[in-house]
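Quick heads-up: it's one chain on its own, the form predicted alone, in structure tokens.
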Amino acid sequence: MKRTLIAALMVSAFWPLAADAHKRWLLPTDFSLSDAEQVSIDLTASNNLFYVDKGMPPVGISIIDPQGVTHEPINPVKRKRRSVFDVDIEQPGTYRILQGGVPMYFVSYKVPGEEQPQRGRGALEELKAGLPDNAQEISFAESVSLVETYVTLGAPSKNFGSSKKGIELTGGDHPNMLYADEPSRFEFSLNGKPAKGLTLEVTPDGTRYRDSLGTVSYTLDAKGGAEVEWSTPGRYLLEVATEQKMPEGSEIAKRYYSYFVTVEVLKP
């Protein structure tokens, strides 16, 4: 029974682990609106921005309206190359659309007589309960990954992250008020504290049509922020990631954090 549980977890873990090698993004049909309407949003993982490649399961999605009320996605559908869902943008202000941001747990271990390690993903207590009695070299890891974007109707309103879990965008310029002729500041936190020293990577759209990704990297300052210079108007993906190796004897051997946000930079 225990081996059956771990096998099931291994199957469920395979795709998300493979997707970690790709960039992940939410891409709305519109970032700024003057009238209320329904917006469609792609959810996918790919190496080329913003070219659909691997549809991600449309689960764990939240839409936070300008009043702070959380809504479910409309008509979520998973397809092979992309997943898609709709959002009603009805209230003036900024909607925050996100997936993830909650801890996930992974385990790896060896069984005598088997060359390859066994792996699984799930709730921490379930992973512990599912370990066979002869498991050796057991290692647990925690991952918190957040993918998000912002859509504004009329005048923007502040609607940044505040869970104090993982990496979040917590301040700076509004994601829907970015212009190509002026730098923009972004501030990030890691578990509620300034993400000082982490690297912010900024990649413009159209990687499929040029020889290099065009990614520009910034080191976050003492406030967890950086001033970003835009090369051209268009859509961009911003990424911040880190990993932490925990002290010897800790239940969790490593913690992984990643963050992705899609923004649009306007002409002056």
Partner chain sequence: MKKAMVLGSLLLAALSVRAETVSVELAIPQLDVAEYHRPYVAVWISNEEREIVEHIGIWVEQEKWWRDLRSWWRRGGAYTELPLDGVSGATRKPGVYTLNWQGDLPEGELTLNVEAVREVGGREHLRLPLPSDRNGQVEQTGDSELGRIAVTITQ
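Positions refer to the first chain, counted from 1. Note that this is a predicted model, so its numbers are computed, not measured.
Form predicted in complex with its partner chain: not shown, discussed below.
Hey, in the model of the complex, is L33 touching its partner chain, heavy atoms inside 4.5 Å? Contact with its partner chain, yes.
Can you work out whether L131 and its partner chain are in contact in the model of the complex, taking contact to mean some heavy atom pair no more than 4.5 Å apart? Contact with its partner chain, no.
Can you work out whether Q118 and its partner chain are in contact in the model of the complex, taking contact to mean some heavy atom pair no more than 4.5 Å apart? Output for Q118 is no: heavy atoms all beyond 4.5 Å of its partner chain.
Within a 4.5 Å heavy atom cut-off, is M177 in contact with its partner chain in the model of the complex? Taking the distances in the model of the complex, the answer for M177 is yes, it comes within 4.5 Å of its partner chain.
Contact segment among 77-85, 102-110, 190-198, 151-159, judged by heavy atoms lying within 4.5 Å of its partner chain in the model of the complex: Of the options, only 151-159 has residues within 4.5 Å of the partner.
Give a yes or no on whether each residue among E182, E264 and K267 has a heavy atom within 4.5 Å of its partner chain in the model of the complex. The answer is yes: all three residues contact the partner (heavy atom, 4.5 Å cut-off).
State the residue from D53, E37, D221, E227 whose non-hydrogen atoms include one within 4.5 Å of its partner chain in the model of the complex. Here the answer is residue option E37.
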